[in-house]
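Here you get one chain, nothing else, as structure tokens; it is the form predicted on its own.
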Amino acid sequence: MIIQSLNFEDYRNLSHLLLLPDEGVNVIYGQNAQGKTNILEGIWLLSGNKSFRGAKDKETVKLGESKALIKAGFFSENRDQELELCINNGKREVILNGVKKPLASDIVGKLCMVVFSPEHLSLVKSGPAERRAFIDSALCQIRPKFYETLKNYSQTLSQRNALLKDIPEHPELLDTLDVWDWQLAVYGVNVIRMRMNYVEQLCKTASAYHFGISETREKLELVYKCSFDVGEYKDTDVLHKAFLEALSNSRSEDISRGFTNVGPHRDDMEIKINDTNAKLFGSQGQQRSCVLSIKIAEAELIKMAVGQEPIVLLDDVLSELDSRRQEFLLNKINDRQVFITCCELESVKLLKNGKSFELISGSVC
């Protein structure tokens, strides 16, 4: 997958910006607060995902304007294509190859990417929510069906939580909880199974990369941790039964607290180095090596799933890595289109080919 052209209109501080990227490496450099990360964020939105900065869509529109527009010409599936993303009054409207899509999520999987920012370097030591978001974002790109399954689960969870809050004042609603439990378990089990399978594949690939970056000294292991006991089984019926049992056991606490305490929204991915929890006992260098291995493995799994190299976005991440880890990362992504942001062009010492763009106040100089 290769982005051939990018056009930003009133996206954050990018009032009118046209970029014609190289098929290989693209370095976007300049001082802080010039809009470098805005470019990468806008590119990332073209994958159909939410902002990797945690921003709401309405926050990406330039102050004083009602809408923002991002256009991209790209090569994928052996042909040239066009994609337009308009953020209007906080809502996304997408047009793919001249056809307006009913749902913004319809472009998920059309333009696959891997993003790596300084925030991702804390993936190991951050909370479970960040690791769940990482898994879900990766899965949405290689299995578009997962997006709908996760959406259905989240909607059902919201409805069950609303019911839990109403039950203390309306005890007669208690009898309807079984229906929501059953539906929540149906969607939840599918989310869990797909996450489990993905983490299993990710572990195999990431552990091989980590073995290399650690110079064969460390074994990386990724383990999907359910919020309820599932044993060693992945069978749908067994998981469904276990989930329903867990919901039943936590029902009193759920009603008391007004929210659901078990389910994939409470799951986690444990990261281990040599059988030891990396979050608790890993050094900063070890933790960063883990994240490097995981993110490179993510790109590899996308390639295996869609048959094409994903686009790689590196947002000011090289300055956070020592020279050995920089070299390892760049060597592993040199056969893909890459967008890198940094403050000084000289800081990207290992790059020899490609294009560079200096950004000042949202414009290329």
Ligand SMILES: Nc1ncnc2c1ncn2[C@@H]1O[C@H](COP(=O)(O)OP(=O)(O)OP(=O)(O)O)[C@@H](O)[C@H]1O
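Everything quoted here is computed from the prediction, not taken from an experiment. Counting begins at 1, following the sequence as shown.
The discussion below concerns the form predicted together with this ligand, not included here.
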Open item on the list: Which is the contacting stretch out of 26-34, 294-302, 43-51, 328-336, given heavy atoms within 4.5 Å of this ligand in the predicted bound form?
Closed with: 26-34
Open item on the list: At 4.5 Å by heavy atoms, is each residue in 13, 59 and 63 next to this ligand in the predicted bound form?
Closed with: yes
TODO: Give a yes or no for residue 343: in the predicted bound form, does one of its heavy atoms lie within 4.5 Å of a heavy atom belonging to this ligand?
DONE: yes
- [ ] Work out the direction of the Cα-Cα change for residue 131 and residue 55 in the predicted bound form: closer or farther than in this form? It's 3 angstroms or more.
- [x] farther
- [ ] Report the direction of the Cα distance change between residue 218 and residue 315 in the predicted bound form, compared with the displayed form, as closer or farther; the change is 3 Å or more.
- [x] closer
